[in-house]
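What follows is one chain in structure tokens, specifically the form predicted alone.
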């Protein structure tokens, strides 16, 4: 449906990914009219290609950004601090489908870990038990394998190698389920064909995305006005101190202002604080909803690393689901290892183009060529670890560089915590043991070029001075302004974030629809 620009009754959502797309679908189902602003185009799944280089250009958010600090990204890819998608569906188009619940103790990180120097730890203002029904609803919605009677996929070789090595060195918590990729036809989408291009956009729609599930669900209600190519620039505030609209650049480059009853920002943890900071006014000189000074701070991206092993016999890691299974044994909190929090070891494949960039950036030569010639003999694993929040790890506005709309570009600054370094070193030691236990003849441990899980820059807090939003994602400062993506995360946990983002969106939709119905907003 078309909603007029001067219509003051709709909810305006910025971003159509896991948070914004799910929120739109659920609000529309509850009778709420929604304007959904998406900076990128709507790409039919038929236009995806099983081609790494093409897909990166087709999907990635490549607007100017800057990475600074001690993290490897600032050195290796300073213009691309994060791998995000700019299209309807957001980064769900390239996510790998892993769908894990945050562990109960991870909601209590400050209590469980105690004070850690140079970290800004806090407990979430909600518990795993409170989120449990929304997790269940999210798993059913996404069709998560291994839950609610949904069968797992058959294991591929990459997972088999990881699982065999894990068990040989004493690990026992190994599984190849919890994937939002259809193992059988479901929700009008087919079963996976194991093509091996999960991160390039699923051509057959076996993988759940906001684009193939939540946005169409919202459209079927007749209450959604989807606007692709609409880049949100600033949020406006009225004389009563409440938000009343969003200024955006439309698909033809014209500036528009959509009036709103409520605004929900779900632009990923880089763009969400950026739009709040760019919305500074005389009343909000440090950025909208930023009385705490926490907007943009506490940026987290999961402690990440990749390792690849070469074997005498072929593995063909590229055949089948890209991230087909996980070892969970290191996900607990055990300070005896030399760090707080835990991590997952996730079997992971990379195609030749990406692997050549990851394995040794710029390191061309005989050793590199010989290694790449044995691509079909490789197995891979990804570290996904709990990243500690630090106030100085943050998204801020560049002092002089502007984007195509004349607004300051975001600067993503990360100085790695010693906890991150210790965790990564432990992972590399364990991976080497694991792969050598099953006959690896070479193990390489490159660093990823950019982050994929961007979290925490508008975090939840019980007290308004400690964060930006409350337990429902509602900003402490402005009651009709919400944050609806991974920016809300108080801590990162060791689990992939998408399932939690969807669960929080379902919970927020229930709360928001109730408040609208009671005319509290």
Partner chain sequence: MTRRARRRAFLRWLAATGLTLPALPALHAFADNHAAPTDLDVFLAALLQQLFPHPALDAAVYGQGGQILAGAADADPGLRGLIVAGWAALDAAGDGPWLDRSPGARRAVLEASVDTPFFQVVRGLGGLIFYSLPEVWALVGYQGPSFEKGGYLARGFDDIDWLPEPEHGD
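Keep in mind it's a predicted model, so treat the numbers as computed, not measured. Residue numbers count along the first chain shown, from 1.
One more form of this protein, predicted in complex with the partner chain, exists but is not displayed; see below.
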**Message:** Even though the partner isn't displayed, in the predicted bound form is residue 101 close enough to the partner chain, meaning a heavy atom within 4.5 Å?
**Reply:** no
**Asked** If you check in the predicted bound form, is residue 479 within 4.5 Å of the partner chain, heavy atoms only?
**Response** no
**Touches the partner chain in the predicted bound form: residue 172 (any heavy atom, 4.5 Å)** = yes
**Request:** Check whether residue 229 has any heavy atom within 4.5 Å of a heavy atom of the partner chain in the predicted bound form, and answer yes or no.
**Result:** no
**Message:** Counting heavy atoms only and using a 4.5 Å cut-off, do 50, 81 and 349 all touch the partner chain in the predicted bound form?
**Reply:** yes
**Request:** Would you kindly say which of 397, 119, 270, 192 lies with a heavy atom within 4.5 Å of the partner chain in the predicted bound form?
**Result:** 192
**Proximity to the partner chain in the predicted bound form, single hit among 419, 156, 292, 331 (heavy atom within 4.5 Å)** = 156
**Message:** Just to confirm the contact call: exactly one of 316-324, 239-247, 274-282, 389-397 touches the partner chain in the predicted bound form at a 4.5 Å heavy atom cutoff, so which is it?
**Reply:** 316-324
**Message:** Can you list, in sequence order, the residues from 61-78 that come within 4.5 Å of the partner chain in the predicted bound form, counting heavy atoms only?
**Reply:** 62, 73, 76, 77
